[in-house]
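In structure tokens, one chain follows: the form predicted alone.
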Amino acid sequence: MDMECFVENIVTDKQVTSDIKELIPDAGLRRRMSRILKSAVMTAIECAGGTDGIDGIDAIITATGLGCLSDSERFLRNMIADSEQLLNPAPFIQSTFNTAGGQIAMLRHNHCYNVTYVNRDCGFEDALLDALMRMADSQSRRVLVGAFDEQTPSQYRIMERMGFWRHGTCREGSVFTTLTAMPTDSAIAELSCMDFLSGPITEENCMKSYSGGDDAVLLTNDMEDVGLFPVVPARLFAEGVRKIAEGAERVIIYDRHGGDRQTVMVLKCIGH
């Protein structure tokens, strides 16, 4: 599917440099937020260019595989400990999948299109597809797209017993990017193609089909390299944008971690 949009900025949780008190001034709000919510919201604000930058966003699309696990676990533990009586609703409210997107919008009372995709390992690609279709239909011009997931001790133990960590390590994090329908002066890369494949293909065939004759770079989510967690495709996307910023002409991102559904994203340098 050829639908172009432009990456104006992209930030991972590891790149957030601003103090949390500057990004989230409300002390009461900070106190109520879990670790993953703080990470997601701070990453989003930094990506948008500060809290004021949220005003210029006309769609907020988030993705998560497992949601806010720590708050979900806390609510369930409270249910058991208190025999389902006199429960504090805060952990339940903060545990819903769309909490991060809602918190970002509420910081500036932005009532724009706001949706969350919870499709395990494919959520980020679905969020990107939604953003692409909205811009193609002229419904949005500047979209904030992000993915987040966290690791908890209980989640790690359960998935370890299921054999998930035999071929990779468990990680967590958040990634947010601002996309625009038209190139701007600060645009870094162009997302020129996004395909959903019916089955796996070899790396050689992937390069033949999507390189376009250029000296392309191929990124795949080999679990030994990037770990095993739902936000991996977003991490690969951030790595692809970084390679474009460093001079690569074309980057092909082949996500083969999504089980039956494989995706390919193609990033190009602006004007190429």
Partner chain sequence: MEQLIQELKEHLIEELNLEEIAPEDIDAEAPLFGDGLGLDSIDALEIILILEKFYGIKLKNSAEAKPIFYSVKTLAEYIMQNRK
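Numbering follows the first chain given and starts at 1. Quantities reported herein were computed from a predicted structural model and do not represent experimental measurements.
There is another form of the same protein, the form predicted in complex with its partner chain; it is not shown, and what comes next is about it.
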Within 4.5 Å of its partner chain in the predicted bound form, heavy atom basis, the matching stretch of 25-33, 239-247, 212-220, 199-207 is 25-33
Contact test in the predicted bound form: Ser186 vs its partner chain, heavy atoms, 4.5 Å: no
Contact test in the predicted bound form: Lys38 vs its partner chain, heavy atoms, 4.5 Å
yes
Exercise. Quick one: does Met182 come within 4.5 Å of its partner chain in the predicted bound form, counting heavy atoms only?
Worked result: no
Given its partner chain in the predicted bound form, answer whether the residues Val11, Lys14 and Cys193 all have a heavy atom inside 4.5 Å of it.
-> no
Contacts from 138-155 to its partner chain in the predicted bound form (any heavy atom within 4.5 Å), listed N to C, are none
